[in-house]
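Quick setup: the structure tokens below cover two forms of a single protein chain, split into structure 1 and structure 2.
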Structure 1
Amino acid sequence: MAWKIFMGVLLTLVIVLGIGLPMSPHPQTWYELPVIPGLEEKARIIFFHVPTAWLSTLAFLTSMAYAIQYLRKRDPLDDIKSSAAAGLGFVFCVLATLTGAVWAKFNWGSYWNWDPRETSIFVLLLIYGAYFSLRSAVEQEEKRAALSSVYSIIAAVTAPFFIFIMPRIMTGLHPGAKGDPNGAGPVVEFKMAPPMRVIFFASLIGFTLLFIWMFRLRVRTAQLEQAHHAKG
């Protein structure tokens, strides 16, 4: 219970401070955020966009881990967990895509530019879409669990190839991409000022806790639904 209150407070602070704190080119006090040239006020999206992108990946890996577990033990609960994680991952993936597209409109001039990161999240959306199409196409529960587990593992082992392919095909626009004066790398590294850094990591922790909470809720409802079906 305590951790849920902690999460609520944390996310409230992130929202209020992330949006509310003033920005200035030469921060004088602790509560002023520095201006990043080229991003300015648009930099605030980092507190919300990056955590959703992080969660869509975390959820994908969680789903795959439970898929492997299901194939080893054949426990229906592992399949429930795998699909619950995938369902949340899909929601966060859509949120990351939307927040990213809105930001791209104002920063790059159009909603979609086929930047490597945009392409990667598009593929992740496709994988989630395919995963749920497959689940809805199989009626028998054990078969559905086994087939969708296998698919999520196959998708998970082929997706990392994009890390090597993207830089060969296109140059990135995204902050943190190759050629970004602020530094390149698979993980976006900003020279963030301390107050920004605190809010950013508070947001990551808060969103991860939110994910755990939603995940447990979904697993419980799915279990109840299944028990209801077995009875009726």
Structure 2
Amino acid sequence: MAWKIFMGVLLTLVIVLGIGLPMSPHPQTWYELPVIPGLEEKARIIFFHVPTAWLSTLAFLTSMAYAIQYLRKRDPLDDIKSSAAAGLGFVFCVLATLTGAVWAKFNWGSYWNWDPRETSIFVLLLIYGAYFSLRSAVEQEEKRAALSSVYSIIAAVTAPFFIFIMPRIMTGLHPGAKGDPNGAGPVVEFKMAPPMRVIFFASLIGFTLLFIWMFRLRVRTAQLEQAHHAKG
């Protein structure tokens, strides 16, 4: 229970400080955030956009881990956990797409530009959309679990590539793309002042705890649903 309270307080502080603290080209106090060239006020999206992208990868890799475990042990609970993690990964991937689209609107003039970063995450959404279509199409539980596990393993291997690697090896509009004069971006190169860094890592921790809570809740709900169907 204590860690849930900690998570709530941490995320509340991230939202309040990430949005509320003033930004200045030349910070004079500890509570002023520095302006990042090329991002300005829009740099605040880093506190929310990057953690959702990180959680997408974490969730998809978690799904893969439980998929491997299912193929080894054939425990239905591992299939439930794999599916739950994939579902949360899909949700956070959508959130990463939406927050990125809002940033693109203010920075590039439109919500969607088919930048390599946008294209890669769109492909990833299609890959996991197909995963859920596969699960819906197969009625036999053991066969569905086995096929889903194999697919989850293959799909998860592509997640880090599409989210973190592909957008950085291709020329694009997104910060950190190949040829960006500002380098790999403020997150990768840690071009963040201490106050921004504290808020950023607090956000990563808070969002990770949120994922753990949502994952446990989703698994428990799925178990109850399964037990209800078994009685029915």
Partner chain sequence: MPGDSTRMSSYARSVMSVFLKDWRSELRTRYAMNALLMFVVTTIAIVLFSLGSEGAPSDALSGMLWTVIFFSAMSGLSRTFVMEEERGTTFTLQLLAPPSAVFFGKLLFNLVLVLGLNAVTILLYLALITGFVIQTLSIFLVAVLLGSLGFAAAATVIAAIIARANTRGTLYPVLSFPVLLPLLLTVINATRLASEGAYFQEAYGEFQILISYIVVVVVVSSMLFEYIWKD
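Rigid core here is just the name for the largest C-alpha set that superposes within 1.5 Å across the two forms. All residue numbers here refer to structure 1's sequence, counted from 1. Since we're looking at a predicted model, the values are computed, not measured.
Asker: Would you indicate whether the form predicted on its own is structure 1 or structure 2?
Answerer: The form predicted on its own is the one given as structure 2; the other form is structure 1.
Asker: Tell me whether D115 is among the residues that move between structure 1 and structure 2 (Cα shift of 2 angstroms or more, core superposed).
Answerer: The answer is yes; the displacement is at least 2 Å.
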